[in-house]
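One chain comes next, on its own, written as C-alpha cells: the form predicted alone.
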Amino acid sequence: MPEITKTVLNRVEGEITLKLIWENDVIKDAFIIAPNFRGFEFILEGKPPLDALVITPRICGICGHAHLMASTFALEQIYKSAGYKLEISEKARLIRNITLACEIIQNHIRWFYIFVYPDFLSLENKVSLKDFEPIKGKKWRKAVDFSSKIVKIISIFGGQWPHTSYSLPGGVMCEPTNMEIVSAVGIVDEVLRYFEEDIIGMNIEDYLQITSLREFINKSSGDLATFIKLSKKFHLHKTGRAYNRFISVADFDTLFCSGITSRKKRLFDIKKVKEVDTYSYLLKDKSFSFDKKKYSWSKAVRYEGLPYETGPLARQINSENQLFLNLNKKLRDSYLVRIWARVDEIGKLLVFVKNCLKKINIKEPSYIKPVKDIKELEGEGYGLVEAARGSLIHRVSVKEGKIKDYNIITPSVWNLGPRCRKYLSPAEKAIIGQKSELTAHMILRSFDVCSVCTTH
C-alpha cells in the first residue's frame, strides 16, 4: 500500500500544503494544495475601474506593486483599444520601472536567505552555517536589513510600501526632487556593495562576464558560491527538474524579454493562455465545485495546452543570457539553476535601477491627464508584468463605468497550480522521484512559493 504524507509548509509566503504519495520510499505523486480562498476577482466586480489600483496591490504583501502595475497597464490598454491616445512621459515610465525593480530585489534577497538557505542547516554541519541561522545568524539578519533598505526607494516615489497605489493611467502621482533621486542612488550603491561583497564575492562588472559554473566558483567566495557548493554536495544540481519549458509574458525595458521557449524560442501570444479548473474548487465561470477529485483553490494555467515554468530562470532563458543558456544545457531546469537565476537578477536589477535614476528629468511631467474619464469608456484590457515570482496577467472588462469582470493569473498559478487531465504543474513534476521529504520541500521552495497569489 502506498504511504501518504501531508505537510503544511513553513517558510513560504502564505500557506501551502504538500501531499506526497510514497511507494518503496520514493515519491510517486505530489499534490500542491492552496488551501485558502481570497476572492479578489469577486471583490472587484461592480467597482469603479480606478478602484482596482487600490484593491489589487493588497493581493500580496511582497509583490503588491507588480499587481498595481498590471492593473495600470490593463486600464491603459482600454484607452488604446477605444482609440484614445494615452501619453506617458519618459519620466513616469522610468519611475514605474524603478519601483517595480526594487520590489523584485527585496523579494529575491529575502527569499535566498530566509526561505532557501535555512534548509541546508538540516543537511550540513550547523556550526559551519551558523551565520545563516534564522533570527540569530549575522547573514540572515543582514539580508533582512538590506532587503528593507531597497524598498525605501519605492516609498520615495510611491509614498509607501507595501500596498502602493501611486500609478494610474497617464503616469504616476509623484514629483521627485533632485535630493530624493540622489538619496535613492545612495541606497542602490549601498545594496549593490552588499551584493558584491556578500552574495557574489566579486565586483558586478566581473560577475556579468561569467558564462560558466566553473568560472564562477573559481573566482567567487561569496554566499552564492557557498550555496552552489552545498547544492552540488547534496546532488541538488541535478534534481528538481520539471519540463524545461519557459514562459515570460512581458518585456522589462531592455533587461528581460518576453517569449516562449521549448527547444527554441517563440513569441508570446496572450490568446494561447488558458486557465483550467479540472482540479480546482474555483471554476472558470466563478462558481464552486467540491467534487472529491478537486484539491486546490488555485486553477491551473496552460499555454497551448502545456504547462510552462515562469520566473527568473524563464526570463534568463527567454532573454538568451549566455550563462543560463550554458547552465540549462548542462543541468536543465534543476534546483541549483533555478535558484541561481533568481539571485542573479538582484545584481542586474540594481545596475538597471541606478541607470534609470540617472536618466530622470524632473522637469518632465509625471502625469498627463487622459482625454477621457475611464468611466466613459467600455472595453477590455490586459496588463502584462514580470513580477518577482514570474509572469503576471491582469484582464479587466469595463462596462457602464464599472468593472464587469476581472481575472488574474499569477506566477504561482503557472508554477504551483494543480494538475490538469494530462500534466502535473511544473512544481509537482519537479518533486516526483525524490527520496526525501526535506528535498521535496526544498524543490518546492525553489519556485519561490506564494500561496497568497495562487488563489485570487
Partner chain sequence: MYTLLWLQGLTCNGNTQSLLNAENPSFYTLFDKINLLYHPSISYDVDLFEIINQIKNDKLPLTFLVVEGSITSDKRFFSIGDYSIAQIIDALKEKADYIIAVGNCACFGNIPANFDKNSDVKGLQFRFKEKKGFLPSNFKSKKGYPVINISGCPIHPQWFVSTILNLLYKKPVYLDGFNRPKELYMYLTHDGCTRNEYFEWKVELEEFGHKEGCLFYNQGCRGPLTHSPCNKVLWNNTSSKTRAGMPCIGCTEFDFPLRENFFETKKNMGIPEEVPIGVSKRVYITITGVAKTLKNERVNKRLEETE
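Numbering follows the first chain given and starts at 1. Predicted, not measured: the structure shown is a model, and the values here were computed from it.
This next part talks about the form predicted in complex with its partner chain, which is not shown.
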Open item on the list: Would you classify residue 59 as touching its partner chain in the predicted complex, given a 4.5 Å non-hydrogen atom cut-off?
Closed with: yes
Open item on the list: Even though the partner isn't displayed, in the predicted complex is residue 159 close enough to its partner chain, meaning a heavy atom within 4.5 Å?
Closed with: yes
Open item on the list: Residue-level contact is defined here as any heavy atom of the residue lying within 4.5 Å of its partner chain in the predicted complex; does residue 211 satisfy this criterion?
Closed with: no
Open item on the list: Within 4.5 Å, heavy atoms only: does residue 8 come near its partner chain in the predicted complex?
Closed with: yes
- [ ] Work out which of the listed stretches, 78 to 86, 148 to 156, 254 to 262, 325 to 333, brings a heavy atom within 4.5 angstroms of its partner chain in the predicted complex.
- [x] 148 to 156
Open item on the list: 356, 423 and 430 - do all three of these have some heavy atom no more than 4.5 Å from its partner chain in the predicted complex?
Closed with: no
TODO: Could you tell me which one of 127, 135, 179, 267 places a heavy atom within 4.5 Å of its partner chain in the predicted complex?
DONE: 135
Open item on the list: Can you pick out, from 272, 284, 369, 229, the residue that has a heavy atom within 4.5 Å of its partner chain in the predicted complex?
Closed with: 369
- [ ] Within 4.5 Å of its partner chain in the predicted complex, which residues of 165 to 192 have a heavy atom? Give them in sequence order, or say none.
- [x] 165, 166, 168, 172, 173, 174, 175, 177
